[in-house]
Each structure stands twice: as structure tokens, then as C-alpha cells.
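In the form predicted alone, a lone chain appears below as C-alpha cells.
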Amino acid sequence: MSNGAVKQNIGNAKSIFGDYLIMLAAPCFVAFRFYGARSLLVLAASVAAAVITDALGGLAVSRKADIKDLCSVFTGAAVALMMPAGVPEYVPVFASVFAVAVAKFPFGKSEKLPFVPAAAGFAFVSVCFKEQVFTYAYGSEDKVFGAESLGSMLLRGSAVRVGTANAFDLLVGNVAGPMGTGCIILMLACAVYLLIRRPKALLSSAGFIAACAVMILIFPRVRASYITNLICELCSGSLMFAAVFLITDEATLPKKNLNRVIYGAVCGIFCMGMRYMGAYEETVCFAVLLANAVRPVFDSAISNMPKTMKKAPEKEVKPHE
């Protein structure tokens, strides 16, 4: 590949992840607003771990790391925002190191990655440090932030009542949960920005949200109204965050528009299915990775359907004598 082509690819990736980082500025501000300097410490540790891992990987194999494409910066920030503010710093560090070292660096350029690194990093620490990742209460004896998360209540099947005040808290993220993914209003604003910048990427988000909504309405986890179930499920955990920032990763998206919608819907079915039957309150990152894994198979199958569905030539029928 010529130097010009390499520079163009880096420029395209930098533009994509630059857009993501612009959008992430708002969740970072909300995290700081709710949790103070502690959130900035988690963010700094996670981003630094991702960037340093990328740089060291390049030195190890005598290959220039593509830090300029901003993929590792985005990965570290996304991993941190899906964590609780009180998480020990080593947890997001391990997550970012795994994300870059295992899910990014071995595959070369960021535009050719088969898996979303941030999803891989979060899934890794969810398995290894489950208690730390899903504990949302922290603070001093006189001031404790957080309580039981909405995802935890849904996992236990506890009834959740949503009134006007509670609905507002859910929309602004004033509930126990990940430090940067709970403000649904901001997630919608980020989706609008992405719609302006990269509208085709949101086709996968539309399929994802639609599939999740259908699953929620058909298989509610708690005895409540349809609207209550829908609001609680969609607002819990990092579901909406994943819809905007993880499902839309250009490297893992199918090329055709219809396939993108189907890809998102498959991921939504995986996500809700794991929520119903899994042991974790947040499963969206596992669902993203599973959808990444099967995407080449169904993408190829759907693309080849018109060829296989062509009618066989009709045999000439001779009239009876």
C-alpha cells in the first residue's frame, strides 16, 4: 500500500473516531457532574492504558502504532464510561489493555477490526472482576453515591414503578449505574449528531433498538405496564450507549444498508436473550461481540440470497398427442 493510501486510511479513521470523541465529551461532562474528580481519574487511567498499550505493541513488533487514528483513545474512554465511578483503577486499565492488545493491535488497521475493542475490554473485565464492575455504591461514610442499579432490579425481576419524577431521573441519568452511559437525553443528542455526520451507521442502531423493543414487549421481565418495561429496559445499563457508539463501528458493519439493519436486529436479539437467561445485569457488550462474530456469515448469506432464489428454467411441456 502506498504512503498516500496509508495516510488516507488514517485520515478516514481519525475523522470517524474524532466524531466519536466529540460525542463522548458530553457523557464525560455528565460523569464529572455526578461523580466529580473520581470519574476523571477513571477516564485518565483507562485512556492512558489504551494508548500506552498501542504504542508498546508497535515497538514490540517494530511497527508504527496508529495512535493518530484515535481508535485507542476512543476505546479507553468508552471502556471507562461503561464502568461505575467507584471502580478500582486497575479494572479499567486491564479492560483497556485487553481491548487494544487482543481485539485491536493483532488485526492491524482500525478500519479492519473484526470486533469492537471497547466491547471486548468490558466483556473481559465483566468476567474477571464481576463484583467490581457491577458495584455502583461508593463514597465516604457521610456521603455514599449510588445504590442498586436498574439493571440489577430487572435481573432479579423486581417490580419497578416509573412515575413522572422517576422517568425524568432515568432520562438524565440520575440513577445508579455506569458513570457515563445513563443520560438517555445525551445519547439521543449524540445519535442526532451521528445522523448528520454518518446517517448510514445509524441503520444498525435502528435495527438494534427495534429488536430490543419487540423482545421487551413480548417477554417482559417484571409485572408492569408495557411502557414501564420498555423505559426501564432501554434506560438500564449501557444499552443506549452501545446503540450509538458500539453498534455503529464502521469496521464491523456490513456494507449494504439492509444488512446493517439486520445486523443491528440480530445484536438486539442477542442482547435481550442474554439479559433474560444470563448471569450478568449488563450483556450488551457480549451481544456486540457475538454479532461481530456471526456478521460475516449472515452478511454473505443475505448477499447471496438473490442468486440462490432465482427460478430454475421451466421445462418445455409437450402437448399430448
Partner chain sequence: MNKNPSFKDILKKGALIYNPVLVQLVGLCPVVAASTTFVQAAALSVAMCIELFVACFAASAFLRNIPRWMRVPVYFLIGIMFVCPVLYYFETYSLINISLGMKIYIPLTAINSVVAVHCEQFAVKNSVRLALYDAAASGIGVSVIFLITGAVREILGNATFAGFAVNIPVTLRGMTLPFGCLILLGFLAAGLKAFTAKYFPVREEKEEAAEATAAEEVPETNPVPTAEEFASSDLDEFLKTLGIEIPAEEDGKK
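None of the values given here were measured: they were computed from a predicted structure. Positions refer to the first chain, counted from 1.
One more form of this protein should be noted, the form predicted together with its partner chain, which is absent from this view; the next part is about it.
Asker: So which of 97-105, 72-80, 149-157, 246-254 is the stretch with heavy atoms within 4.5 Å of its partner chain in the predicted complex?
Answerer: That would be 97-105.
Asker: Which residue, C128, A167, A210, A224, is the contact with its partner chain in the predicted complex, using a 4.5 Å heavy atom cutoff?
Answerer: Of C128, A167, A210, A224, the residue with a heavy atom within 4.5 Å of its partner chain in the predicted complex is C128.
Asker: Looking in the predicted complex, any heavy atom of F34 within 4.5 Å of its partner chain?
Answerer: It does not: once its partner chain is placed as it appears in the predicted complex, F34 has no heavy atom within 4.5 Å of it.
Asker: Contact with its partner chain in the predicted complex for F124, defined as at least one heavy atom pair within 4.5 Å: yes or no?
Answerer: F124 belongs to the contact set for its partner chain.
Asker: Contact with its partner chain in the predicted complex for Y90, defined as at least one heavy atom pair within 4.5 Å: yes or no?
Answerer: Result yes; Y90 sits at the interface with its partner chain in the predicted complex.
Asker: Quick one: which residues from 280-298 get a non-hydrogen atom within 4.5 Å of its partner chain in the predicted complex?
Answerer: Contacts from 280-298: just Y280.
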